[in-house]
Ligand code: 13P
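Presented below, as structure tokens, is a lone chain in the form predicted on its own.
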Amino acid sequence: MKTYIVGNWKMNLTVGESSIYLQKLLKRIRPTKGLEIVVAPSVIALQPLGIQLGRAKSKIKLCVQNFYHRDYGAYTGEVSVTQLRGLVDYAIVGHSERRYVFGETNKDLKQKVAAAIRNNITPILCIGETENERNFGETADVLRDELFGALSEIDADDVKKVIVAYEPVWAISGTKGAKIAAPDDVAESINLIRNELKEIYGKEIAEEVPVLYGGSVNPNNAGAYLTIPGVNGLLIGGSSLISDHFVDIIELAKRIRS
């Protein structure tokens, strides 16, 4: 299975700054078998970065941070995943900021997952508990509800086309009081996710679904997370905006794979 290193730039960098940053990455990284490098810039930067990548698309793939679940229609201000076909390979769905800042529900997210799948774009489904939910022992219930709530519109064969990202809300950079998640705690949640997938879809499908970790990942802790059994990569926020840090994490992933 591939290892995925995904940089979520969130609402940062202008189009020009995004272009300069991408050029830095292109100069410093080399394609590595089994390692997928993905960046998710602001939506306004996707098209110019796609043109800039040109033949270098084997080095870096593009991801959209958000989209509307309808393929077309009178939805002023929205961008559909259909409009993104041929431009992006991945789409983030259900990031905690979409859930808690913009109020997206599992009903919204199951429609987005289905839309991405039918448009041949790989959804990166984010799930994770808040600090209060964790303190009250509700982690397993939250992960189960968010996982299957978002997968309920697709069949078992299509579940294999989804990437799951475990992002505990309490550990995400930029969240008030964010903490660094201990590898043992991450391992426990990854195991919960794998077991839930196995229970519903069977062992074969559960083993084929890539599961990433995200939450205050940086060059100092990335290696510890990448070596957790069942973790197939990282979804990175703040550190993906610093080219040296992002490249360091990519190099770590290469060494671990080898």
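Residue numbers here begin at 1 and follow the sequence given. What you are looking at is a predicted structure, and each value in this text was computed from that prediction instead of being measured.
What comes next is about the form predicted together with the named molecule, which does not appear here.
Distance criterion of 4.5 Å from any heavy atom to the named molecule in the model of the complex singles out 171 from the list 147, 109, 171, 121. Residue 129 falls outside the set of residues with a heavy atom inside 4.5 Å of the named molecule in the model of the complex. Although the partner is absent here, residue 8 lies within 4.5 Å of the named molecule in the model of the complex, judged by heavy atoms. In the model of the complex, the named molecule stays beyond 4.5 Å of every heavy atom belonging to residue 189. Across the options 216 to 224, 200 to 208, 51 to 59, 23 to 31, residues that bring heavy atoms within 4.5 Å of the named molecule in the model of the complex belong to 216 to 224. Along 223 to 247, a non-hydrogen atom within 4.5 Å of the named molecule in the model of the complex is carried by 235, 236, 237, 238, in order along the sequence.
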